[in-house]
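First, one chain by itself in structure tokens, the form predicted alone.
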Amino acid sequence: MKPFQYHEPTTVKEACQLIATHWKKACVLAGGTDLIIKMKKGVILPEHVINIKKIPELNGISETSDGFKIGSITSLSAIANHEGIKAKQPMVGEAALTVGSLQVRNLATLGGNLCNGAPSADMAPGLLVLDSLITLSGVNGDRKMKLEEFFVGPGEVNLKKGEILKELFVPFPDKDMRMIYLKHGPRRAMDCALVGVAVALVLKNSGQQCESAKIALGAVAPTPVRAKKSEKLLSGKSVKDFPIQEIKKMLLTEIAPISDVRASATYRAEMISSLTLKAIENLVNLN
């Protein structure tokens, strides 16, 4: 591993100043589950490593009157085991459980999972369909945005010079919302998702009428994406009138999968269609 200078800020302001000073020459260390491996392999050779794990305000989960605030360095294990999240936003906790092993989840952070900008990030789809908001802190103060505006491209996120992801706000869902995250890969855990899908349906009239629908897809486009055209095919419909064949066709117009060593574009397209329909069926059949 190439030598580097190590920094351990204890406040957000100090961290942002260090990042701004060493911009393009520094890497931020949170859980380190990806960064350390890449450094050992020589894929990333930073001159400075800025460890933000000792900043208290970035860690923890707090419940407000209308949702949960989750600090960016909160571990995935903490999210998966949080009783409030399990009760009120179960899909978020279930998605966290699909990431790696227990040992990995104990280290891996929510911010790290999102800031990598990986199209396959397991935490992204569920947070997208719940309309999550993020707060970024920088040398010029804080700015807020929708999570879907954060993803720019493969490995690229909307962080300006001297900024870090501070926290996410995940609103409470409608009381009639049913939600699910499904992941397909060689193994349920330990592997990145070949494809992933989160679906959230607000079902009224004893689950027979879909008032609104949200669908988010992972690993089938340059970023995690909302399938907004497909959502419209479900919203306002009786569940018995869901246009399944139309949804399958529409999904294909909203993705741009690639072929790589893990799967072909054709396979990904077929699996995202199958997984989305399976998710919808599971939610409808919860009656």
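Note that the coordinates shown come from a computational prediction; the quantities given were computed from them, not determined experimentally. Quick note: we count residues from 1 along the sequence shown, nothing fancier.
Below: the form predicted together with a small molecule, not depicted.
A heavy atom within 4.5 Å of the small molecule in the model of the complex is found for one listed residue only; from Leu194, Leu107, Ile180, Met177, this is Leu107.
With the partner removed from view, the residue among Leu45, Ile37, Leu252, Ile244 that has a non-hydrogen atom within 4.5 Å of the small molecule in the model of the complex turns out to be Ile37. Residue contact check for Ile70: none of its heavy atoms lie within 4.5 Å of the small molecule in the model of the complex. When contacts are judged by a 4.5 Å heavy atom cut-off, Leu29 counts as touching the small molecule in the model of the complex. Although the partner is absent here, Thr33 sits close enough that one of its heavy atoms falls within 4.5 Å of the small molecule in the model of the complex. Within 4.5 Å of any heavy atom of the small molecule in the model of the complex lies no heavy atom of Ala227. Stretch 95-103 is the contacting one of 95-103, 78-86, 207-215, 140-148, since its residues have non-hydrogen atoms within 4.5 Å of the small molecule in the model of the complex.
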